[in-house]
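Given as structure tokens, the chain that follows is alone and in the form predicted alone.
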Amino acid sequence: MPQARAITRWEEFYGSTEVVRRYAQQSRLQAPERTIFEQRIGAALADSALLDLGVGGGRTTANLARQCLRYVGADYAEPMVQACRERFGGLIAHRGLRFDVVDARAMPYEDASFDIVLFSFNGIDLVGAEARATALQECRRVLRPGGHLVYSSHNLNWLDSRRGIRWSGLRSYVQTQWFWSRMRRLNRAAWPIAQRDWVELIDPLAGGCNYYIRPAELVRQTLAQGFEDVQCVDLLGREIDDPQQRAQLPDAWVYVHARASR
């Protein structure tokens, strides 16, 4: 694990009392996560060692920790890790769960020590554009050959049209307009984005940088870092096999399932 590191705006955001409290109340898998774990990983989960990277407040722990052979939850924000230790004290005592403070760019785990790495809630988008490949390489390093990588990333297509936004009342409308107005103002230098494969933008809410990527580029980057059999899954849990359909996918973020090259 790195000896010293600067505290980022994202670490401050995810370490705040209110955000930790909100994340520690979540306990539901998203539709694409259910599709991947039920249909693509399936029975292999029961005999697996699973690294839940960017575990947050334990949303995925509640569903997966009892189903696998060995479970390790890890997060960059220490308050999130502490919240998980408190929330899952019983499972720690009875099933040997671990929760570690970990930087995804330099993980303290041995090579080939996990069968599954889950990096959900677009956590990889927060490590920085220059370190993104490093984080994927680290995921590959700690996976056994043929192991499963599951992760999600913000979809740059969504920024093109802002599809998927649903207003529910005046307050929601005002907040949405504020968000997009501030997004454009903070990131003037990045526009236009229509012809770009990826872009890193300042987030209007937290002030940290967020990474957005086209689905085709997401697949290319995953393959380039030692993975194969890459599959995209949309937010309804549907596998998107057709390259043209994948290229036009409008969801706010996209899930990927891939296997570590043998």
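Bear in mind the structure is a predicted one, so any value in this text is a computation, not a measurement. Don't overthink the numbering: it's just position in the shown sequence, from 1.
We do not show the form predicted together with a small molecule, though everything after this point is about it.
When contacts are defined as a non-hydrogen atom within 4.5 Å, all of 14, 26 and 127 contact the small molecule in the predicted bound form. A heavy atom within 4.5 Å of the small molecule in the predicted bound form is found for one listed residue only; from 143, 80, 136, 72, this is 80.
Contact between residue 215 and the small molecule in the predicted bound form is not found at the 4.5 Å heavy atom cutoff. Proximity of residue 150 to the small molecule in the predicted bound form falls outside the 4.5 Å heavy atom cutoff. Proximity of residue 32 to the small molecule in the predicted bound form falls outside the 4.5 Å heavy atom cutoff.
Though the partner is left out of this view, residue 102 does reach within 4.5 Å of the small molecule in the predicted bound form, counting heavy atoms only.
Picking from 217 to 225, 49 to 57, 193 to 201, 35 to 43 the stretch near the small molecule in the predicted bound form, with a 4.5 Å limit on heavy atoms, gives 49 to 57.
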